[in-house]
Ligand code: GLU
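Encoded as structure tokens, the following chain is the form predicted on its own, with no partner shown.
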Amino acid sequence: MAESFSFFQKVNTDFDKAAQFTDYPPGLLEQIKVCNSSCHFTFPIKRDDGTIQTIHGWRAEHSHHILPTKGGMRYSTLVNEDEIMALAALMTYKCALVDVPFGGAKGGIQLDRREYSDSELERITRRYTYELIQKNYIGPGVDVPAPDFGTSETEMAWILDTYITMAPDKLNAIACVTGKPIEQNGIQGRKGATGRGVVYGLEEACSYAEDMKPLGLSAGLQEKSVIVQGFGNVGYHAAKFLMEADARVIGILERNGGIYNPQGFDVEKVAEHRAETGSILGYPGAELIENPNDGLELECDILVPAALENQLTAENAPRIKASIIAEAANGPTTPTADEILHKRGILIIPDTFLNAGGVTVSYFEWLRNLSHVRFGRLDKRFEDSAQHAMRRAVEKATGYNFSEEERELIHGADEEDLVNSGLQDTMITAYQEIRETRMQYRNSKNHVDYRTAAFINAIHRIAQSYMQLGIFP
């Protein structure tokens, strides 16, 4: 079954489906939906062998209803204008959904990073940053990039260094980009934030016994079998935190194949094996999945697509055996696949919600950079003293002496504790709001799934921002 939707058309189809449940003027809905601005630029780069290559880069700012705009920067051969605009739009809805005050943006460079040396990647990143500066597509109050597919904190450090050399506002220049190394004013917990957010979201979704019963599942994540597609930053951390939540990660899929063990994997050991050998393949005791697409169709409770878009399609959707699809990647399910999976009674937890952990913690990093104060610095020692005073009072009143291990658990919140606490609260609140919206339309003629409910909530929040600006009545 052929699907002719472009990625951006797919996002707009989801938007239109949700917009029919609102009563906002058509002009306002159109303004929310369109991409406000996008820029395609090219520049030459000198390769290590002396040859010159032309590099193609993009940056799109989907919505300026609130500033700055925010979105990752990816390096991939699939990068093009449609993909960047679609991802920028998803960022707009994602930020609105979790109540993070950013407009959506996204950037990317069309390349396969494996074909370039580190020095070449540095030159490309710095020149890309220069282009963003020249075109006013970067700045603490303008547009704030972050890591995405194919990039990491290393590229963010290069962006920061390049921006600072040209920034008129040196004081707040460190807030021009997030996902930075800790040593470069990054924040504790950012690297694993998207994966951790996936698990917080799944924990909340699976906590409702009445929602799990139709799927034939019990409440909670304990002992649920999980297959994760993609073992990059998001997939690795999602798998790691799922394992720590007592779920069984029985399958891990990469582009060159996958591994399967119904008893579950120790995710950390799989990561160590990959670090030693360069691949997850050949992991001891694992069954080889030669075609990673076949791994998507294995029986499991939860399937976590954590790679790229359009992984679940009209072709493979009828054969998916998972009870829950947890969209850790952006746009992993095509519109036709979405319909097929819903008709089959499979619960899809949408990317607009589940992938929001990264931007939530990026928001915390941005705030930290602007305030120039590390979270927890002002009150950690006070909390430590209060906690230990309470412990001594309990020991004195009861005669019970806490062990050294128990005493280590009693401490004030440090930065990572506060970041994780804020992320967890954000994911729980957002899911509860989505679920409440879905329940409101449960008896409507048109079925409202979680994706549509998420878009409805995002539209409401963005529309309120526009109306407060006085642009629309």
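What you are looking at is a predicted structure, and each value in this text was computed from that prediction instead of being measured. Numbers follow the displayed sequence, beginning with 1.
Here the subject shifts to the form predicted together with this ligand, a form of this protein not shown in this document.
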inquiry  = Check E120 for me: does it contact this ligand in the predicted bound form (non-hydrogen atoms, 4.5 angstroms)?
reply    = no
- Query: Using 4.5 Å between non-hydrogen atoms, is D148 touching this ligand in the predicted bound form?
  - Reply: yes
- Contact label in the predicted bound form: H62 to this ligand, heavy atom within 4.5 Å: no
Heavy atom to heavy atom, is K180 within 4.5 Å of this ligand in the predicted bound form? no
The one residue among T333, Q229, S362, T129 placing a heavy atom within 4.5 Å of this ligand in the predicted bound form is S362
Among G195, G72, G201, P305, just one has a heavy atom within 4.5 Å of this ligand in the predicted bound form, namely G72
Within 4.5 Å of this ligand in the predicted bound form by heavy atoms, the stretch out of 209-217, 256-264, 91-99, 75-83 is 91-99
Near this ligand in the predicted bound form, with a heavy atom at 4.5 Å or closer, the residues from 180-195 are R190
